[in-house]
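Let's start with one chain on its own, the form predicted alone, as structure tokens.
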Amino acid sequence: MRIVVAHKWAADPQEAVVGADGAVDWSRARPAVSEYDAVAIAVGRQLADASGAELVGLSVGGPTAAAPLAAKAALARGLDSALIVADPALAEADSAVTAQVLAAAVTELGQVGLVLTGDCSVDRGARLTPAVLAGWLDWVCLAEVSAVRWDPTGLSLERESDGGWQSLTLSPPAVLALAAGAVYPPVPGMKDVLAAARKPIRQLDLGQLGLELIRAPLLLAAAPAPAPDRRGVVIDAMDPALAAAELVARLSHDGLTWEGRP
């Protein structure tokens, strides 16, 4: 059996810069394996060790997804091998398209009994891909999974639900989205990084998958950020009485009373 971990090589939004006009500058945001994906890989490693399964990393995206650093960064976290679907048509893929390609790649791999994902993708954060992926595969999907244990009779797991927690027993195949706090993934050491360079990597494009993408209608709209109404007036407060009088005078000039009402 194979256990697949779907992960994404994407820019870290914490390093993006928002300009005064509201535009987001991604030029300084470095791509990485997100902390959500690292959780899924760590849980996958535990399950693979307990079941004797092969742990395969699966990444879908534009040409940057095939960068050597992208594959090695994921492999260093404990994957046995990697499958990358990189195609220019996937550079701006939404959740629906990403899920469709992931499903095709899982089918291409064969003998997959479990697909793990992080809580959400680091760049979009829509939390839709696991459910849509399960729909394409016709598998069960469970989100907010906080703990998973391998058992010869199936999977024992816990997940958060409205109003409490659920303890479930599940038979594969299934798609599980791991909660962000399911485990604390270890930081790869130098030994892990060196070992990643020797692990097998397979790369495909959409043509090799024989896939015709189904794109959902997408409407994009943009609005300029409102200009801040700040005049930058500084009142000298060395003399509190004079400062208070100047403040009242300025408020009165703007049509406001001392109580702040017109």
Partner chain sequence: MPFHLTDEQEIVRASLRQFAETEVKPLAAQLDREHRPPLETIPKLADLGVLGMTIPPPYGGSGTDYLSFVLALEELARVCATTAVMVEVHASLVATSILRFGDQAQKTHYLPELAAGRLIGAFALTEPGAGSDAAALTTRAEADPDGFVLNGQKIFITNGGFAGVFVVLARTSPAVGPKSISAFLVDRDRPGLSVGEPERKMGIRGSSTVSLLFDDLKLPRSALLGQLGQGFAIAMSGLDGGRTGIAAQALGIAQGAYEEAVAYAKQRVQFGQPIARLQAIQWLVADMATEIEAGRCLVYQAADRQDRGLPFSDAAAKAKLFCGPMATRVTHSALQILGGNGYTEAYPVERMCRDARITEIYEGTNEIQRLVIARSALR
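Being a predicted model, the structure only gives us computed values, none of them experimental. Numbering follows the first chain given and starts at 1.
Just so you know, the form predicted in complex with its partner chain exists too; it's not on screen, but the next bit is about it.
Engineer: Using 4.5 Å between non-hydrogen atoms, is residue 106 touching its partner chain in the model of the complex?
Structural biologist: Contact with its partner chain, no.
Engineer: Given that the partner is absent here, does residue 73 sit within 4.5 Å of its partner chain in the model of the complex, heavy atoms only?
Structural biologist: Yes.
Engineer: Does the 4.5 Å heavy atom contact test between residue 188 and its partner chain in the model of the complex come out positive?
Structural biologist: Output for residue 188 is yes: heavy atoms within 4.5 Å of its partner chain.
Engineer: Heavy atoms within 4.5 Å of its partner chain in the model of the complex: does residue 50 have any?
Structural biologist: The answer is no: residue 50 has no heavy atom within 4.5 Å of its partner chain.
Engineer: Using a 4.5 Å heavy atom cut-off, are 68, 193 and 197 all in contact with its partner chain in the model of the complex?
Structural biologist: So, yes: the whole triplet contacts its partner chain.
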